[in-house]
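A lone chain, given as structure tokens: the form predicted alone.
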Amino acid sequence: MAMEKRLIKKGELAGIVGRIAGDMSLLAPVKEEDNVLFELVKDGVTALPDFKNTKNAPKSFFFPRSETLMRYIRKQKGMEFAGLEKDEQGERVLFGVRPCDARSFAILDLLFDQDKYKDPYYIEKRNKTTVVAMSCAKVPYATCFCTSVGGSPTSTDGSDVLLTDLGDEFLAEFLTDKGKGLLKYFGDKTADAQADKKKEEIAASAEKEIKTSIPAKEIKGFLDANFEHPFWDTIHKKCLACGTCTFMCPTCHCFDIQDEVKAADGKRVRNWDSCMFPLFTKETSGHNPRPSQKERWRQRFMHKFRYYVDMFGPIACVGCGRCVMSCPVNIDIRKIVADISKL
């Protein structure tokens, strides 16, 4: 089946967003003091038509920071199951996602929606959500490096609809059946070959604007053979173990599960965790197989550039640069890749 494509005038976008928000939940980038965050668009809330990227990665809409998995009741003879938590939200649209973040959904799908192992909480949210991505046609952040890890400013991975700014108009490409469910909001002006050509030119220009280029795919051979290399003693010394890099990352997915009981009511909760924390691998015996930041930093790096590649194929990094921008001691994952490539 041929891909559906529409052209819409710039001034029509706000109306389209408003109509979708009137029919279902719509989450979009919103200015919040000095930050841009994804929020529910409702009366008095305006979605930003032009921004570089949001402060936080939108993975939290599929994999929340804290999520109740099930409830139970304490009785005299023990615990009694009281039901699974269901996502009560209906169909929703995640609007204005940058291609790097949309790619992170495709990368997380490989983990949470495998043939053998399936996470029903993630999958339910993912199935209910239509992802409308916005190409990066303008100058990106200096910290962006999506092209080094398999992405691009116009990547369609993980998206249902892709919007590209052509100047006076947006090109809307409807990539999946879920995406085609939004066709009725985008008018009936079909895109022509000229629009496709213009998009290709914009895509080529946008890729040239990404100045950072690192050999992310080339270092795996070194990682395969050098688990105990002296290099691992060099990168962690100023790390504060704050976990900022993992919590800001679109693809990090470590979690902890805890039971919380108040009186007779109990619930099982899944919370984000971080491989950078000392407690993450501490065993009941008191032994910790990763006793220092050296082992924790090595684990984080190896997971992204070696272990995930072995398990699923793609590097578990989309090049958004959030960890580079947010690290309080300026540890730069791009420099680590570059330094390893020299070894």
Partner chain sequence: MQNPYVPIPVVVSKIITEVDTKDIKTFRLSFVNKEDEENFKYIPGQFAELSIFGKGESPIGIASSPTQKGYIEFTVQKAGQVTSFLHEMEEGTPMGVRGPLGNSWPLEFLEGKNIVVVGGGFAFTTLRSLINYMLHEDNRKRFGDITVIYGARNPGLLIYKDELEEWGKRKDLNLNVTVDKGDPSWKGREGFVPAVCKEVAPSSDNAVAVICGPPIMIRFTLPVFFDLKFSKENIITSLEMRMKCGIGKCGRCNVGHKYVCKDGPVFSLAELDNLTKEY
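Positions refer to the first chain, counted from 1. Everything numeric in this text was worked out from a predicted model, so none of it was measured.
Not pictured, yet referred to below: the form predicted together with the partner chain.
Visitor: Looking at 205 to 213, 141 to 149, 117 to 125, 187 to 195, which lies within 4.5 angstroms of the partner chain in the predicted bound form, counting heavy atoms?
Guide: Flagged stretch: 117 to 125.
Visitor: Taking the shortest heavy atom distance, is P289 within 4.5 Å of the partner chain in the predicted bound form?
Guide: Although the partner chain is absent here, P289 would touch it in the predicted bound form, with heavy atoms inside 4.5 Å.
Visitor: Can you tell me whether K199 touches the partner chain? I mean in the predicted bound form, with a 4.5 angstroms heavy atom cut-off.
Guide: Close contact is absent here: in the predicted bound form, K199 is far from the partner chain, nothing within 4.5 Å, heavy atoms only.
Visitor: Within a 4.5 Å heavy atom cut-off, is S60 in contact with the partner chain in the predicted bound form?
Guide: Although the partner chain is absent here, S60 would stay clear of it in the predicted bound form, with no heavy atoms inside 4.5 Å.
Visitor: Looking in the predicted bound form, any heavy atom of H236 within 4.5 Å of the partner chain?
Guide: No, H236 sits far enough from the partner chain in the predicted bound form that none of its heavy atoms falls within 4.5 Å.
Visitor: Considering V45, M70, L37, L48, which brings a non-hydrogen atom within 4.5 Å of the partner chain in the predicted bound form?
Guide: Going through each option in turn, the one that passes is M70.
Visitor: Identify, from the list L183, L175, C242, M79, the residue with a heavy atom within 4.5 Å of the partner chain in the predicted bound form.
Guide: Checking each option against the partner chain in the predicted bound form, the one that comes within 4.5 Å is M79.
Visitor: Mind listing which residues of 309 to 343 have a heavy atom within 4.5 Å of the partner chain in the predicted bound form?
Guide: If the 4.5 Å heavy-atom criterion is applied to the partner chain in the predicted bound form, 309 to 343 yields D310, M311.
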